[in-house]
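Just one chain is shown here, as C-alpha cells, and it is the form predicted alone.
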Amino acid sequence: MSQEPVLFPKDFKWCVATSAHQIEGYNTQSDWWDWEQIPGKIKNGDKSGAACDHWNRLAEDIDLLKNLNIKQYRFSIEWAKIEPNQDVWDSEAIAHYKKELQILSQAQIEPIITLHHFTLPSWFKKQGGWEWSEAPVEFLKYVQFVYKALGAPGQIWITFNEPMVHLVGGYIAGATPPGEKREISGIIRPLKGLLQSHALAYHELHRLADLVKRQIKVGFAHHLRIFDPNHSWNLLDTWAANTLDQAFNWSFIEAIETGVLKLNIPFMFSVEEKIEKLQATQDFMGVNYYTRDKVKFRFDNKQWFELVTEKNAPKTDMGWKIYPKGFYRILKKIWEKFPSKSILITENGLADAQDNQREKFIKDHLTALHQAIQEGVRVENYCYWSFLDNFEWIDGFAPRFGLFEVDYTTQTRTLRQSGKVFSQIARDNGWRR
C-alpha cells in the first residue's frame, strides 16, 4: 500500500535563507571582519574575504532563487555597510539593497528582511556593543534610516537573528566577538541592551508602517534546540536539561511576551527585571531548528551542566545530531506555550559537503513539520538554510550548507541534487512518498 502524500496548505510559502556577511563579501567595517584577522579565531585560518561575491552577483543569484520555485527569500541587511562610521550613511550601500529588493520584486519573491545577523559595525562594538548605554538609540537610528531609505519594502521584519547564540557565543563561550569569557551571569547586561534595542525598533517600525497604512510583522529568528537528559532515569541529568532548556530556549521569548526578563540558574544567579516597552513586541515566532543536545549534570559551582556527544547517532559534517523528531517537539511546545502566535520557519538545514544526507534531512524534517501542521500548529512557511554554501563564521568555509555548491575560486554555483529535489517540493507544495 502506498503512503499518503506529504502536501502542505495552499497558502504555505517556500523559502531559502542567507545572511549578508556570509555571502556578500568585504564587510570590512564590521566586528567580524576584525575578528577574522586575529590568528586562531577561525578554523583553517579562513577569512570571509569575497565570500560568495553575492554583492556583485545580485541579478545572477536572484535568477537562481527564482528557479528554485520559492516565494520568499530571507536575507540580512548589513549595518556595518549602511553605517560604516557613526552617523555616516553610505548611499551606495542603500542603493545596493534597493536594487536587490527591486530585482526580488520583479521575480515575485517576497523579502524577509533581517536587520541584525550577528555582525556589528566596528565603531559600535568599540563603544561597548550591547552594553553601551546608547546602544538602543543607535540601533533605532539605523532601523529608522533603513526603513525610510528603502521605502517600506517588506511585510516581514526580523530585528535579531539568534540573539541567545549571539550573546552566549560572544559573552560566555568567548568564541565570537567580542570574545568575552564570563560566568553565566555576565550575559545579563548585553541581553538587556539587546532587548531594549528590539523594543524601540519594534515600535518604530510599526509607527513608520502605520504612516503609509502598511501592514507589517516584526519578530525574531530564535535558535531553538532540544535539550534532553543524558540518562532519563537520572534526576540530576533531567534537572540540568530542564534548567538549560528554560534558560536558553524560553527565558528570552517569555521576556518578550511578558516584558519581564526572568533568568534563573539555581544556586548561581537569578534576575527578574522589567524592560520598558518590551511586552508583546513579537508578531510571529521565528524558528531556527537544527539539532538536539544530551545534557549531563556535573558538580561544578560555575556551571551545572555538560553537553554530551551522542555516539552512533547520524550527524552532519559539523557533528550536529540529525534529529527530525525534535523539530516536531519544538513546534508543538511553541504552540502549547503561545497558541496565538503564528510560526515562521526561518532556518533549517545541515552541513553536508557530499550531499548524501540533505535530501533525506529535508524530507524528514518536512514530514515532522507536516505532522505538526496536521495537529493544528499554525506554521506559515519553511526557509531552508542555506541558498548558497557560505562563510560559516568560526568554522570558515569548510561546512557546506547550500542547495547550491559554490566553487570559491571561480564563484561558480552548481545546483546540488538535493537542491533539485527541494525545487520540486516547492513547485509541487510537497511530494508523494
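Residue positions are given as counts along the sequence shown, with the first one as 1. Nothing here was measured: the structure is a model prediction, and the numbers come from that model.
Absent from the display: the form predicted together with beta-D-fucopyranose (FCB). The rest refers to it.
Residues of just one listed stretch (376-384, 54-62, 24-32, 393-401) have heavy atoms within 4.5 Å of beta-D-fucopyranose (FCB) in the model of the complex: 393-401. With the partner omitted from this view, the residue of Trp132, Trp320, Phe145, Phe361 that lies near beta-D-fucopyranose (FCB) in the model of the complex is Trp320 [heavy atom within 4.5 Å].
A heavy atom within 4.5 Å of beta-D-fucopyranose (FCB) in the model of the complex is found for exactly one of Phe118, Tyr328, Phe227, Trp304: Phe118. Within this chain, Tyr290 lines the site of beta-D-fucopyranose (FCB) in the model of the complex, having a heavy atom no more than 4.5 Å away. Mapping the unseen interface onto this chain, Glu78 falls outside it, with no heavy atom inside 4.5 Å of beta-D-fucopyranose (FCB) in the model of the complex. Proximity of Lys192 to beta-D-fucopyranose (FCB) in the model of the complex falls outside the 4.5 Å heavy atom cutoff. When beta-D-fucopyranose (FCB) is considered in the model of the complex, Lys125 lies well away from it, no heavy atom lying within 4.5 Å.
Contacts of stretch 336-359 with beta-D-fucopyranose (FCB) in the model of the complex, defined by any heavy atom lying within 4.5 Å, are made by Glu347 alone.
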